[in-house]
Ligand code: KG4
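In structure tokens, one chain follows: the form predicted alone.
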Amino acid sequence: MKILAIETSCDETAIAIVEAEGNEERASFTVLGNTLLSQIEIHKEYGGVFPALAKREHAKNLVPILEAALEEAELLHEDAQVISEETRSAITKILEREPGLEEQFFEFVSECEPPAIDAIAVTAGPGLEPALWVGINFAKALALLWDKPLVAVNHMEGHILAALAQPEAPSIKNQASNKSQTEKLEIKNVEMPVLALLISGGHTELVLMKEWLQYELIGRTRDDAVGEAFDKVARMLALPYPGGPEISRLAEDLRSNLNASSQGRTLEFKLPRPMINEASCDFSFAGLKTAVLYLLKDNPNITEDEKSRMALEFENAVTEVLWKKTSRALEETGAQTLVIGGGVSANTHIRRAFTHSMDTTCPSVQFRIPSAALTTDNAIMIALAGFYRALRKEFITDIIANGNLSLAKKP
């Protein structure tokens, strides 16, 4: 089954074409085409993602990256196409709220054959609704024109499946090529239940999957998401946007220096670990962020070295809380597999700390974490989730964008 996947939930415009086969217990994926365009540079001056601007950029970029993905997948074949007035009118209606997209759309599809794909998957939520609608309407237009079934994908389910997917062992033929690891993936030998720690700019939650695609919410943040806390603290420290990677960079640099020193150094800043000893699997990061704010008010002339120390202490505090809550959830649920997904799972220290903790305290539990390329918003993970939903024939024609779409509820 060939899936064309579209992701526009925030500030990455992404399209991937993935060939998938197998079933829920054992599936393999070949990435035929994968294109992604980030808007980070555009949003820097706002210190965060500006929804109206993100929507405009998605509308501007979708057609060019679709063309690039199809070309990479060798599915782009030029040939003039006649589009009936009825179909043209229906597509115009679908795209009427996406300025500039309609003209690009018809100019492109009128000159190429419908590609040999089996379904179109698109992110329906959660995310920024104006951004989500651009991708959804684009998917609807393609599905109508090419007569392909549509699959609505939950963005967070995509993160879970991307974390479960592992690079397929390369064959001798593949070893001789320059293909990247992400082009061959497989999901197999997954021990249930699966506990997923989902950490991103908008989410911090622990989700349990006892059976395939059936989810139960075990814990969540009561206020700020962890990625949101990283970005807010970075702004307090006057670090460039996006702030999370900047805090990680400062912390890693200082951590390396501390490790290299025979005497070490004593950190001057001590931050709280919110709710770390509370008997629940919920999180809270607002108090940690506020503690940084008060420390900075008490130290208005903070030096660059002190910034690094603050970044290190903040990152350590976050990591300790994430692990303590996750370890509690592992114990309470009896999960046999732990996965981490979402943009913050790219954080070097969090990855290292969880790997060490799992090896030393939970060696019998599988631990899966996505490659760095699959931690951020991407269309490959949407294709994976789209395939799993297509296996169940969960096709839909009237997809609605839902910025607060939930993957699971509290039991």
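This is a predicted model, so every value here is computed, not measured. All residue numbers refer to positions in the sequence shown, first residue = 1.
As for the form predicted in complex with the named molecule, it is not shown, yet the points below apply to it.
- With a 4.5 Å cutoff on heavy atoms, N347 counts as touching the named molecule in the predicted complex.
- Contact check for G243: a heavy atom falls within 4.5 Å of the named molecule in the predicted complex.
- By the criterion of a heavy atom within 4.5 Å, K325 is excluded from the residues contacting the named molecule in the predicted complex.
- The named molecule is not drawn, but in the predicted complex it has no heavy atom within 4.5 Å of E102.
- Residue in contact with the named molecule in the predicted complex (any heavy atom within 4.5 Å), chosen from P115, G219, G202, P130: G202.
- Of the candidates T337, S308, T333, S248, S248 is the one whose heavy atoms come within 4.5 Å of the named molecule in the predicted complex; the others do not.
- Judged by heavy atoms within 4.5 Å of the named molecule in the predicted complex, the contact stretch among the candidates 359-367, 376-384, 57-65, 25-33 is 376-384.
- In the predicted complex, just one residue of 207-227 lies within 4.5 Å of the named molecule by at least one heavy atom: G227.
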